[in-house]
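Single chain ahead, by itself, as structure tokens, in the form predicted on its own.
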């Protein structure tokens, strides 16, 4: 039997999906498992969005569409970019894809050659470096720790850029930390980007999930680099439409055409029915989004209050997204039932097996001995999860 491609062999499976699947298997076996793994709002998709999909089916809007997307969705995206982000595009600069992840991958395929380097700030979303590897490019990580609120400085970015650097993947609000860059901080990074001429793939999927009066600023708004920025977004997080699989990008025409060419040979158009629904979601008033973010804020405050009281656990209050990202260094090296908790992966295995709560280790996010806890779950599940987290941390704190 012939071997698999080296490219695939060098890519890791998504850690989020691994621990999510572990939780599902236990649940299927009849075990009550609290899963705080996936970045998926537990709210239903808004009714007006679902009704738009039903109308699309009733009208037999179930065939192929144009590769880039249907006209009403392209128009809605152009208007959304202008209203929310101060970004001016025309429909020829927009590409609708099967989720924001798909949009990012299309862009990487469109701009990267073998050996090109793509800069990624760590902690990062688990898929960024793996997607870079899949296009035969090289991920270059820049570490941003708790002392800098998980934000990279312009000096750090400048230090890693050289002739092979093709792009920076930028994510604010960020997964897994909930970090949100200020306009001033983004403008300082933009100075480096302008000087060096690299591209920026700006993943803004969490832009509407913000707290404490924090405002989102799109890096593509910086006039000097607007042609270097590919802005990626989607309807998954803000509109509770994760399963609908609609993402999109806006970029200069040359890049948009290249990304569309990639898509034309891989998936062609995104789901026709979901496109109709997404157009309605983007054009509708934001009442459902506001309600959802208000509830996320309540859950965040509850989780922060509870976990801040756990001795040895350190965490920062996120300003966006719906994750907590605490350091669990104090619990590494503890022994339990004849084994040792060597790192964050062992800790997550301990919690899923001992306390029946599923979390995601921080190592695949580029941050060893951290864990990601999603609070995009019902308050009932979060309350149950907190009891299990406290129980597990207490057991380990008393272990030797």
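Positions refer to the first chain, counted from 1. Given the structure is predicted, the values throughout are model-derived calculations rather than measurements.
We do not show the form predicted together with glutamic acid (GLU), though everything after this point is about it.
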Problem set entry | 175, 275, 263, 93 - the one with a heavy atom within 4.5 Å of glutamic acid (GLU) in the predicted complex | 175
For this session: Would you mind picking the one in 206, 199, 105, 181 that has a heavy atom within 4.5 Å of glutamic acid (GLU) in the predicted complex?
Result: 206
Exercise. Hey, of 59-67, 336-344, 46-54, 33-41, which bit sits against glutamic acid (GLU) in the predicted complex at 4.5 Å between non-hydrogen atoms?
Worked result: 33-41
Exercise. Closest heavy atom of residue 125 to glutamic acid (GLU) in the predicted complex, within 4.5 Å or not?
Worked result: yes
Exercise. Given that the partner is absent here, does residue 101 sit within 4.5 Å of glutamic acid (GLU) in the predicted complex, heavy atoms only?
Worked result: yes
For this session: Verify the contact flag for residue 300: yes if a non-hydrogen atom of it lies within 4.5 Å of a non-hydrogen atom of glutamic acid (GLU) in the predicted complex, no if not.
Result: no
Problem set entry | Non-hydrogen atom contact residue 379 with glutamic acid (GLU) in the predicted complex at 4.5 angstroms | no
For this session: Quick one: name the residues from 309-323 with any non-hydrogen atom within 4.5 angstroms of glutamic acid (GLU) in the predicted complex.
Result: 323
